[in-house]
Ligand code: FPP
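Read the single chain below, which is given as structure tokens and is the form predicted on its own.
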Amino acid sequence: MVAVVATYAPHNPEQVKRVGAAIELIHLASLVHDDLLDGASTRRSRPALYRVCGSTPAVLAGDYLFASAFDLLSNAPQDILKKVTRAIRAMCEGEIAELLQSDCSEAGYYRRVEKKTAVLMAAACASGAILAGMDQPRIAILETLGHHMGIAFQIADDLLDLEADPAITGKDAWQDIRRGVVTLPLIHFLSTAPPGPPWLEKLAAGTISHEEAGVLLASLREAGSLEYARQQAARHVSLALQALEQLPPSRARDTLARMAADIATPA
């Protein structure tokens, strides 16, 4: 996203590579730490790092990736460093909110998703725009694009956790249910379903068995909760594309439009 946005105008290719690599290292560091927090066994069809080397080395590896990212950003424009630093802080706040699960409303979900995922995509788009020398209004447009792409991406990822084949995703299925994480499909189901099993209590306690997870998934389908989440992902893709339309036509705009459209229809 950094590289694509930067092609809007002449830029320093080496600086774009360094900033793009830094943001990817931050992303990787967050995955290393997330797998440990989540108790995930696999990532990208391989054992999660902490399962290979232990928890303490995995935490240190994640910290090393963060430090390496800041080393790459040391000579970046100050505005980029500020945006990326604030994004990391927000990502930590989002993870803490997810662990606490203190707000299971749809609004609470969006606040968590904005911090967990959307802020980093917004920072990536803004960084590319800054490197391309764009003015503040266009930087804000591209931040809006990244924001909505990030929300759509997280909703799609939450759906993959429920529906996709682990052989394709490369990670365990039903992790959110087993961890008691209340994602958008579950929030919709819990707010619209008739009285039944105390799912919220079971989710909070982390006591849902594999068989119960299957029953819950079937209930989500029957209640239209999976389709509702798909519609919300598509809505945020649409909002991303609306932001993009405020920019002049270009190859970069076409590429970003394809990227946004692909989020709502993951493989």
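Note that residue numbering begins at 1 and tracks the sequence as displayed. Nothing here was measured: the structure is a model prediction, and the numbers come from that model.
Beyond the structure shown, there is the form predicted together with the named molecule, which is absent from this document and is the topic of what follows.
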property: The named molecule contact in the predicted complex: R43, any heavy atom under 4.5 Å; result: yes
property: is_contact(F66, the named molecule) in the predicted complex, heavy atom dist at most 4.5 Å; result: yes
property: 4.5 Å heavy atom contact, L217 to the named molecule in the predicted complex; result: no
property: Contact of L37 with the named molecule in the predicted complex (heavy atom, 4.5 Å); result: yes
property: Whether E106, A213 and Q232 all lie within 4.5 angstroms of the named molecule in the predicted complex by heavy atom; result: no
property: Partner-facing stretch of 127-135, 72-80, 149-157, 184-192, counted where any non-hydrogen atom is within 4.5 angstroms of the named molecule in the predicted complex; result: 149-157
property: Heavy atom within 4.5 Å of the named molecule in the predicted complex - residue from L31, L200, L226, L239; result: L31
